[in-house]
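This text opens with one protein chain seen in two forms, each one given by itself as structure tokens under the names structure 1 and structure 2.
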Structure 1
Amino acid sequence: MIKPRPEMIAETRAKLVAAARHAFGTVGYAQSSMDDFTATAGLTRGALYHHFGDKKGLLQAVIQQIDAEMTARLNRVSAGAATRWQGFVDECATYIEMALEPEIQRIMFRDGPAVLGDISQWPTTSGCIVALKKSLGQLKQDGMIIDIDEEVTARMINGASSNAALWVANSDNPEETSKRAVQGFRTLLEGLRSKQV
């Protein structure tokens, strides 16, 4: 039976993304070739160009997939915490710690910025800022944090956590750098706590 066109399109895209993700995660963006992706996926270069435009477009699709997975993991971390505040802090710390994972480190925090530019300008960043702003608003409403401008604070936390993750990913000693970054970030967030809590 012939598959419906939307199903075939989704399958083709998924094959190319999976092949590219494996290559980007193991040998890196610069060392991977479009011919390798298409051969691994059993598709033609024409399919790659049709669905993603070029190798850079395929990298963007891989980053979107990884970002969605990271967000789901962070949501589980936050949901599993004893308090909303602890969930917020743990979520921020876990984001930084994810930069230790080889695939995330290479694709999200090394090759991604090198190829796509400033991480703060990526399309997914606005969603992160909205989520942080919402969390901060809830924490403020609960009296857990001081009276702050939620958008300003969300943007500052997003920038600080992104830069901490970039620092970890590009460090000569990522494990040690991660410990220092997470400790410093936790200390920074403590400055938001309400004195009444």
Structure 2
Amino acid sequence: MIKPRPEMIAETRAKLVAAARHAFGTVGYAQSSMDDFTATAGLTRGALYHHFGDKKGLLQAVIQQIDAEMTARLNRVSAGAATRWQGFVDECATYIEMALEPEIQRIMFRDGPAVLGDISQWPTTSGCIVALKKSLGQLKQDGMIIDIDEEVTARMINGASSNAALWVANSDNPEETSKRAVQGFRTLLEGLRSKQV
């Protein structure tokens, strides 16, 4: 019944990440007291410093977890679409939808960049950016889209969607505004398609 040692450690780390994720996602990184959320995990800051070095280290771990979830979700969406182009569009729409979730928005698009800097500087390169780049590369190979710089375009799509989401989430009428945003996004993406009549 007694769990093996490595499992206990993993559980401790998971509990800390979960507690921090909740705190960061609700009240924000700077407003989250380490004493508080470690206590809710049944631990103290001692465990935190031991496993993650400092508050920023824990934020990185949280981000890594969320990013993995988001990447998996994006891959599922693009894989389930009829055409590659449709898959890409769906992927972008999903990206906006995800950016609407308060936890993702706060951690991935606001506090994350503010505390850790640009994504490319993060230890764990963002899987979402990679996923977008991959989709763009395939579309280019297939001749579905014009000749673009995948890296640049992926970055801009990332920025555009996160910003659009921020705007939607803070609007008076999120549902309706969301439709406007997604529609505007589709229009923007249409401009990337090949002019095949």
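Keep in mind that what you see is a predicted model, and the values were worked out from it rather than measured. Each residue is numbered by where it sits in the sequence of structure 1, with counting from 1. The term rigid core refers to the maximal set of C-alpha atoms that superpose within 1.5 Å between the two forms.
**Q** Between the pair I just shared, point out the form predicted alone.
**A** Between the two, the form predicted alone is shown as structure 1, not structure 2.
**Q** Core superposed first: is there a CA shift of 2 Å or greater at Gly159 between the two structures?
**A** Yes, shifts by 2 Å or more.
**Q** Classify Val182 as shifted (yes) or not shifted (no) between the two structures, where shifted means its C-alpha moves by 2 Å or more with the rigid core superposed.
**A** Yes; Val182 is a residue whose C-alpha shifts (by 2 Å or more) between the two structures when the cores are overlaid.
**Q** After superposition on the rigid core, does the Cα atom of Asp35 shift by at least 2 Å between the two structures?
**A** Comparing forms between the two structures, the Asp35 CA shifts below 2 Å.
**Q** When the rigid core is overlaid, by how much has the CA of Asn170 moved between the two structures, in Å to one decimal?
**A** Asn170 is displaced by 8.8 Å at its C-alpha.
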